[in-house]
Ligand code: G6P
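We begin with a single chain expressed as structure tokens, specifically the form predicted on its own.
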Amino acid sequence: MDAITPGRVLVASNRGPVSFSRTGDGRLTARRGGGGMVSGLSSVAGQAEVLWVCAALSDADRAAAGAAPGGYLEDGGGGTGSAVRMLDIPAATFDRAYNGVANSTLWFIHHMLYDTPNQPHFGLAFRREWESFRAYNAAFAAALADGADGAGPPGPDGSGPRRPVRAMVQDYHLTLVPRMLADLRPDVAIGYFCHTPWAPPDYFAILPDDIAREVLDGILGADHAGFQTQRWADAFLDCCQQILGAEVDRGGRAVHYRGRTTTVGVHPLGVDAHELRERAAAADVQAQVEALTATAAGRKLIVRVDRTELSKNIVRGLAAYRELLITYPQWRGRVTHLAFAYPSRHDLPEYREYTASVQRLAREILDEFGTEDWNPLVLQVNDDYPRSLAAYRLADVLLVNPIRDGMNLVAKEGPLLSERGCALVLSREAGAAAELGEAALLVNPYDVSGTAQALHEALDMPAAERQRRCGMLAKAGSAVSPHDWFADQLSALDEAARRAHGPANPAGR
């Protein structure tokens, strides 16, 4: 485990490390969030003083934030070891920023999801949404600036925050924050990390010209910008060069713009193998293993675990399974597809319609192929984490076929937990393909027939070959732990700040 330079680390993300709910008697209870970022921060918190700034996402979150002075939560980071400031952003502003811009515009741009003959329309309504997006980002920038001064709880020895101060801004929701924070606090070293893909210039240019420039300029307020793969980093550099006219140093992996240098790095997020395996051995997961084993009744299992998200390509995945049963009839009665497609962004009509399409095709497959003694498909749309971990343990084949994905941790988690040596059918458009492609069966996510053929090859693969490939996948997927991922970004940020401002104050300037 790499050491973290002592100091104060400010983290900003839309979703924080803790969320709240109410019990039957109305009491607020805190629950730690999941994901690699929370795991990475938990390990860092013991070596640095951490403040996590996030948004209140639910009524219970808003009640907790409102009851805490300045939004600083007494519950802290839900076991992460960090202090938390939860921002109660006005509901209308949040909705326009989060649903109107972040999820309906920036997400669609970076995942290249638009039906361009019909969408998008950038008119007066969008301009109003963009003003809310600015206000939402400004609230985060102001909270980070306050956090740099040590507002809120002092350090454990009562002496207040220690220098250097570094701010780590996360993802597409907060693309304007780095520039805003740099303007407010030029003494703070700023890092930005993009968890999504980055669109190539021709597609990024769908955005209105001034908005496209503002997004890029926002990120270039950071001293260091990180991406999941070299492909996404290169696309960002291309956009900076072609849309902003910025000076791009490809060899030095840096952008020079408006008198500031932003270094650009690749920091692929991996899986905490120990934590994942420990959780997968719990009693609630074992109960699900037994239930799914009974459901499979000795048949091979093709597993997918996704949110019902447009980019995850669930409909084409189901179509490929259907074509597998048509083209390779020898698998009828010998395989079951466990498709766990959990709800996502149901505030948006496109997502409700997509969920309906998934359910409609699933019914068609069951009607076409199901028999009294064989259920070819089990579709579950209610979120159940223990059941997902159980499915990983039992999978013979793991299907991960996104249209486009920044990384995709499912592709890394499944092989780590596999007890049968699962084969991985993986979209070449997932960021994970850069690390896992050698051991996976790569597919074009739009090619349903090609995906059906890959599923057949995976099912038909000799057990020894599946075990060999699965071992390679597990090793690659856990090569960079969440702690190392976060520590690597902090190290790159420290180096960027040293280059820009000298060694006297390496991160706090």
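Everything quoted here is computed from the prediction, not taken from an experiment. Start at 1 with the first residue shown and count on from there.
Another form, the form predicted together with ligand G6P, is not on view; read the next lines as being about it.
Contact annotation: of the candidates Arg85, Arg185, Arg404, His173, the single residue with a non-hydrogen atom within 4.5 angstroms of ligand G6P in the model of the complex is His173. Interface residue among Trp331, Trp107, Tyr257, Tyr72, judged by heavy atoms within 4.5 Å of ligand G6P in the model of the complex: Trp107.
Ligand G6P in the model of the complex is not approached by Arg213, whose heavy atoms all lie more than 4.5 angstroms from it. Proximity of Arg15 to ligand G6P in the model of the complex: non-hydrogen atoms within 4.5 Å are present. Residue contact check for Asn103: one or more of its heavy atoms lie within 4.5 Å of ligand G6P in the model of the complex.
In the model of the complex, ligand G6P lies farther than 4.5 Å from every heavy atom of Arg322. Shown alone, this chain has one stretch from 425-433, 192-200, 139-147, 121-129 that lies within 4.5 Å of ligand G6P in the model of the complex by heavy atoms: 192-200. Not one of Arg279, Tyr392 and Arg420 places a heavy atom within 4.5 Å of ligand G6P in the model of the complex. Contacts between stretch 287-318 and ligand G6P, counted in the model of the complex as any heavy atom lying within 4.5 Å, involve Arg307 alone.
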